[in-house]
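Before any questions on how it binds or moves, here is one chain, the form predicted on its own, in structure tokens.
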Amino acid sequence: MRIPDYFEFHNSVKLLSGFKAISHIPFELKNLNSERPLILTDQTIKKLGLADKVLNAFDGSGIVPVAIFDDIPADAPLNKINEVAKFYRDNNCDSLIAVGGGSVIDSAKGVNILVSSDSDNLMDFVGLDKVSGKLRPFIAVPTTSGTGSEATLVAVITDTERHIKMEFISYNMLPDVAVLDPEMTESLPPHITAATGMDALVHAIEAYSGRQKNPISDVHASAAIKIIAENLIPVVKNGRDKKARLAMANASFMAGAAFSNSMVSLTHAIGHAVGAVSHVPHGVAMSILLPWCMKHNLKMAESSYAEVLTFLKKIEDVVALSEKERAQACINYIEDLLVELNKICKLPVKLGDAGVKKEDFDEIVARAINDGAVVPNPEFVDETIIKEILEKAF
């Protein structure tokens, strides 16, 4: 293992993980000196009754959420975040509880920036380390196991007028508390379970193989990879398996903590662009692109991929293989996994099957090459290489 001469690792999120974990939310709010929380969620989560489950956790606690804002759309749009911030101020709230997937949690991060800085212009905070000081109390309750947003320093927010996705990056945006409860994810349909699970796997593999990897992020990433390998197929087949649901939630959190400190790379750079241009769900784009980006990185990431195989499979199944053979077998494993998921729940394995059009390739390439995730990639990348990957993944 390559040990860097210098690295930093930061994760200040208090983790509540387990059955009935949501029942501890009122206690955590009291610890944060909060008594007027605003709950953010979306219409799907509301219809599934998951927001009500969180509300019921407050019975007899002495804390009553001030309001629920249940109209958070996909992709965390900038104009909606401004609307929620105004709603927060008008209702004199003092904290945020995000109940949902990555878009809801990222939206809450954006809202928290505005209400904590008394600002009306989120654009002032785009980029790296533009958010200063302690933000308002913030609890994240993920309803998917993939984005890891409850453990990350990143929020991806969409400017719908300019059709661009913007990254806000600061450790100050980390939630105070993350609540992982299998009751919040067991209603996920198989194809979303598969896509979000693959998203978590990409986070972990890219964190483990990128140029900014470090020993502490490796611990989180390797554990996440092993847990996902053991639980993804079972939970896609049986979404009511609460033990597998909780395992995947834990893996998603660990993968998020890993990539927050060692970053993601090429799969995300291209995937962000595919999502922005072709409106492909993030987890779907990640799963399709992962093996092709790994093939491009194989020479420089060979030792990392060889080690990843030992997390994916039993050691007795790989001990006789050379490092080169293990690295190739790691990519083969990913390809076989995607074929199996396609058979179980129709998860797309080609960009064309996900709705991407070849005439959009040039715009995707232009966006991907300027994505910050290109920088930590193990292997050199240029526009020609990205175009080739898109062609192969199509």
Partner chain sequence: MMKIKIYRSFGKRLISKVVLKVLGNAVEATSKVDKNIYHELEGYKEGCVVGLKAYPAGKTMFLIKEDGVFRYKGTKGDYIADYLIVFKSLDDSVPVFLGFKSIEAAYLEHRFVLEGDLMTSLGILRALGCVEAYLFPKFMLKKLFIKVPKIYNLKIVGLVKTVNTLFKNWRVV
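Numbering follows the first chain given and starts at 1. In this text, all values refer to a predicted model and were calculated from it rather than measured experimentally.
Heads up, the form predicted in complex with its partner chain isn't pictured, but that's what we're talking about next.
Note on the interface: of 124-132, 70-78, 282-290, 193-201, the segment with non-hydrogen atoms within 4.5 angstroms of its partner chain in the predicted bound form is 124-132. Judged against its partner chain in the predicted bound form with a 4.5 angstroms heavy atom cut-off, the residues S23, L55 and K243 are out of contact without exception.
Although the partner is absent from this view, E167 contacts its partner chain in the predicted bound form, with a non-hydrogen atom inside 4.5 angstroms. At a distance threshold of 4.5 angstroms between non-hydrogen atoms, A329 is out of contact with its partner chain in the predicted bound form. The closest heavy atom approach of Q212 to its partner chain in the predicted bound form falls within 4.5 Å.
Though the partner is left out of this view, M300 does reach within 4.5 Å of its partner chain in the predicted bound form, counting heavy atoms only.
Although its partner chain is not shown here, in the predicted bound form the stretch 6-27 places heavy atoms of Y6, E8 within 4.5 Å of it, in sequence order.
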